[in-house]
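Presented below, as structure tokens, is a lone chain in the form predicted alone.
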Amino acid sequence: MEQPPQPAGSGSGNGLRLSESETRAQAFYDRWIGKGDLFSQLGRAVFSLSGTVYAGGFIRAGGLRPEDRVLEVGSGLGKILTASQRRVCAKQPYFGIDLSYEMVRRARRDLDPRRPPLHFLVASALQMPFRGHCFDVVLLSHVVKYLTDPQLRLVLAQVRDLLGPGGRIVLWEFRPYPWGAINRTILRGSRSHKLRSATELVSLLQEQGYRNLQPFSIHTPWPPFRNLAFSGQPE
């Protein structure tokens, strides 16, 4: 398997053509994470904890091995990748893409030069900056709610094309509550688009050619606590 190529412009994000919803999400996270006030500090603390909280579930669900090449779509501060790489004693480079310049800047700042390469790039999930079967595992952590149905289909199709033989997709997202008011609050608070049921998510995954879909449990220690989580493989 060839090493994933470095995108043009070294992942600077220059020239990104973003949808309206992506532009809104990018501006929200850049403002939130980039400031020095208490709210931004709290946000950075929550995202920093994500490596500890989610890495174990990701490693188990993805069956991560030292030789796997890994991509996270919506990698944020990069803590899930950093923790996973350390725990599995990875021998291959890991890649993360995110819309937020501030997220990527801070993720790059915290890199440990003693470990295998970790590359964080400003890029859109709708315009993946990679080609070919160049990854073994792709993670989407709390990305699905930001995508319309056509956008999610496009992202899942691109992920399918990036996965090599035996490749695995792992994703989780907030599970909708029975009460619409709570769901609307979550969507407004995160500047996102839609919370999907397990049935909707499985249907979209199957439609895009994923099989062996396995639900698994992953817990968020901050509100909202409910999550949907699946792993699977492209046909």
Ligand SMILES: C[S@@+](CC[C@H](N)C(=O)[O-])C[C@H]1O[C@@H](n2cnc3c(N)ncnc32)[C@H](O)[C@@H]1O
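Quick note: we count residues from 1 along the sequence shown, nothing fancier. All figures in this text were calculated on a predicted structure; none of them were measured in a lab.
One more form of this protein should be noted, the form predicted together with the named molecule, which is absent from this view; the next part is about it.
Taken together, the three residues 50, 142 and 146 all come within 4.5 Å of the named molecule in the predicted complex, as judged by their closest heavy atom. Residue in contact with the named molecule in the predicted complex (any heavy atom within 4.5 Å), chosen from 152, 99, 137, 118: 99.
None of 156, 90, 162, 123 but one reaches within 4.5 angstroms of the named molecule in the predicted complex through a heavy atom, and that residue is 123.
In summary, the region of this chain contacting the named molecule in the predicted complex, judged by heavy atoms within 4.5 Å and restricted to 205 to 213, 42 to 50, 63 to 71, 163 to 171, corresponds to 42 to 50. The named molecule is not shown here, and in the predicted complex it never comes within 4.5 Å of any heavy atom of residue 107.
Residues are counted as partner-facing when one of their heavy atoms sits within 4.5 Å of the named molecule in the predicted complex; in 68 to 94 these are 72, 74, 75, 76, 80, in sequence order.
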